[in-house]
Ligand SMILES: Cc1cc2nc3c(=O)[nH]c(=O)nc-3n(C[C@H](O)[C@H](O)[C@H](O)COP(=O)(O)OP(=O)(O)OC[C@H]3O[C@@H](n4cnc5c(N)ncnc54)[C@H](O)[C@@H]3O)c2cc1C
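Below sits a lone chain in structure tokens, taken as the form predicted on its own.
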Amino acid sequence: MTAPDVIIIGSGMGGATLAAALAPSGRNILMIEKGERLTPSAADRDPEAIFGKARFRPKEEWLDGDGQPFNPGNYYYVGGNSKFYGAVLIRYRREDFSPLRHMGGSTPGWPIAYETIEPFYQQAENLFQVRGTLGEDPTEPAHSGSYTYAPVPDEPIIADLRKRLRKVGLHPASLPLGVDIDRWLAHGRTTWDAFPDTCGGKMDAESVSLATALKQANVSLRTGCEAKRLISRDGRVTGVEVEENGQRALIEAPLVVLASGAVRSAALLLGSADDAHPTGLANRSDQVGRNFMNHNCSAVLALHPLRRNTSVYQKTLMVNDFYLTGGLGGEPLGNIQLLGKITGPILAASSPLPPSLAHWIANRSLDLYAMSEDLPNPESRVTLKNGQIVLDWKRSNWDAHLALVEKLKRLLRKAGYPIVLSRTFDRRTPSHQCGTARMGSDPRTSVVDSFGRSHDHDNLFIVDASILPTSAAVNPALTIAALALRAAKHINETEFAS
């Protein structure tokens, strides 16, 4: 087999999108993925199997900050977490790239402005065939192009919700979605949110980016191949030690790209410590693993006891009226969007409610998702203890989230839903983990530059959510893809120019 020019570790949104953009270079690109491809099964649309029996969750344990074990909700499949994502492909707002004052502190801003990443947002929207429309959302940043596809249509109950929200003074807008709704529903009448994509109905990292990359003969994928350690020599990463079929092997390449997700990428760097790098690779700044962020999220269920919600998928609407303001001092509160339709089995599996009551509520509820920014904190971090991952998440900006949930509850009651319930997502439900190898212009305070290139090893790139300096308060998938496309352009121009 021809030796690779590039090794990409991870086939999620960042790694697969980078591979798609690098593929036309003709360089030999090897992607390695710990997991296997998802294949169609009876569990794909079975909420009891997915949520009650945790059919697709990994059989592993991490430790929390108190040393207590828990089962993480991350997924190890080709396509990564995007195989289960809600397919929301929304841009960070222009203001997210500058320092912002929040109720819980201030964000540091990014080393690039919105205008720098905007062309890559546009490219990513085109690649992922995003369904959306412009002009509905007051926080919407400037777009250099328009959406190619119309929004996924509201179901009747959601169209009514949209009218009710307008009447109470809000500006509901269509969610930008990577979903072929006809194809999705043809394989089962469920929502797609948190359900595995085995039919290609979601525009995810496997169905879009990886499929695009593998059209080129110079790109290959090895599944069931776990990166265990990065090997370095003379300031460069020379290869990756992998485990495959119970055997260890070393794969070498001139360029190595890490895209295993915010927790796993940090753990791999820390676990690759050697005599020259006793605290881990790419960690001269002591920032690897630090500044872990995970959105503050709550499910908010609004219902009228005399009205049933007949929606199948539901997830087509968002509200950003409190994204940039709403706090007591005008601070940002966050994003509101619909969840995929919650059913009785889903609610029973995620709450202490008896099944009969869970079904009664789910049949009548409109299910919303309140999401607030988690601020970077160097003590919120990923470490290793005897090789086991320790995730000590220190939740921040919580008062802002409570204020957002309270505002939403009040407005939903005003809009005609007398019963409004809420439940916070805990650490077992990852809500857009990011920040553990953040980008910056100063090597003393950051891990990579704005292209994802390590400050310490010039042939090591990181292109997953770990490099995000802030979490903002919207889903990060499109931003990860856009940064990967920007990194690919940089690699093509600087590494593959000759």
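One rule holds for the numbers: they count along the sequence shown, beginning at 1. On a predicted model such as this, the values are computed, not experimentally measured, just so you know.
What follows is about the form predicted together with this ligand, which we do not show.
In plain terms, the part of the chain that comes close to this ligand in the predicted bound form, with a heavy atom within 4.5 Å, is 468-476 out of 63-71, 468-476, 441-449, 42-50.
Contact check for Asn81: a non-hydrogen atom falls within 4.5 Å of this ligand in the predicted bound form. Contact annotation for Val288: none of its heavy atoms lies within 4.5 Å of this ligand in the predicted bound form. In the predicted bound form, this ligand lies within 4.5 Å of some heavy atom of His432. Put simply, Pro376 is far from this ligand in the predicted bound form: not one heavy atom of it is within 4.5 Å. This chain is drawn without this ligand; in the predicted bound form, the residue among Lys341, Arg91, Arg264, His401 with a heavy atom within 4.5 Å of it is Arg264. Of the listed positions (Tyr85, Phe292, Tyr323, Trp184), a single one reaches within 4.5 angstroms of this ligand by any non-hydrogen atom in the predicted bound form, namely Tyr85. Contacts of stretch 193-232 with this ligand in the predicted bound form, defined by any heavy atom lying within 4.5 Å, are made by Asp193, Ala194, Cys225, Glu226, Ala227, listed in sequence order.
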